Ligand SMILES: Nc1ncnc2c1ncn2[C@@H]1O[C@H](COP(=O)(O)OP(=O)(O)OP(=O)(O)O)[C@@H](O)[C@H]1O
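Starting off, we have a lone chain in the form predicted alone, written out as structure tokens.
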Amino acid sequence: MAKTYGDRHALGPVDLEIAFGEKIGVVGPSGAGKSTLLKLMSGAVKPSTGTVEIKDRLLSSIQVRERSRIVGLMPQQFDLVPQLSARKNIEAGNSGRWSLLRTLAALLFPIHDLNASEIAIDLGLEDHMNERTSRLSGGQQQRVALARLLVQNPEMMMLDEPVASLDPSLASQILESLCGESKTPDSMQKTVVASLHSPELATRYFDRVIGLSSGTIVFDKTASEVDDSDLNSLYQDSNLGIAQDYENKNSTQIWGRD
């Protein structure tokens, strides 16, 4: 698959397969295409060429409510409603399960969701639940966006810079929780894909690391295989011609193949 915006080439073509339960860190310099990759995989944007598949189904053919139960995105810009409280923004993660009537009622009346409250406590937001989101700090807003995704509870979670505004201790706690959850032995393992500016966090917490540069996959390795030469080439030269095999292809993104 590939994505362009007008005459600007954002990503690809890339051909990538991800299995259920994998936890993957995506690294690369600014403008490498990390956000675009996550948006394509979550269905937030459509590919210019190629297709995205989940469970052998075209992502574009899955209705929005069903899609929200399968795949969710925490965007880098958070996409919160600033006029609403942190609680209302977090509880919006239920919209894929709740009826339209209940969703509207939750916006108008104090219908508190216990699960949302527990997740907020885990993220240290319990004292800010009734504050207007626009009054929260950047790090607090980031945690609200993460809490909303956790309330949504999709099978596959896409997170764009999920810990960029957080202190190191909280960032470690969150990544340990996310990556630990993907290792659960039950049949509904969580797939976690996160873009990160820090290769050190990617190799510490994720099993697989994908390096992107100029919209091209430079490397795709297990975390233990990534070495200094991989990272030096990734960040020092954004014009590497690594993707010769992908040229002139309408590649297919496949999710959830057992």
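In this text, residue numbers run from 1 along the sequence as written. Small disclaimer: the values here were computed from a predicted structure and weren't measured.
Just so you know, the form predicted together with the ligand exists too; it's not on screen, but the next bit is about it.
Scanning 224, 30, 61, 232 against the ligand in the model of the complex with a 4.5 Å heavy atom cut-off leaves one residue, 30.
Although the partner is absent here, residue 36 sits close enough that one of its heavy atoms falls within 4.5 Å of the ligand in the model of the complex. When contacts are judged by a 4.5 Å heavy atom cut-off, residue 161 counts as touching the ligand in the model of the complex.
Taking the partner from elsewhere, residue 10 is found to have a heavy atom lying within 4.5 Å of the ligand in the model of the complex.
Remark: residue 94 does not count among the residues lining the ligand in the model of the complex, judged by a heavy atom distance of 4.5 Å or less. Here the chain stands by itself, but in the model of the complex one stretch of 216-224, 61-69, 22-30, 46-54, 22-30, has heavy atoms within 4.5 Å of the ligand.
Highlighted residues 78, 165 and 204: none comes within 4.5 Å of the ligand in the model of the complex, counting any heavy atom.
Looking at 190-226, the one residue that comes within 4.5 Å of the ligand in the model of the complex, counting any heavy atom, is 197.
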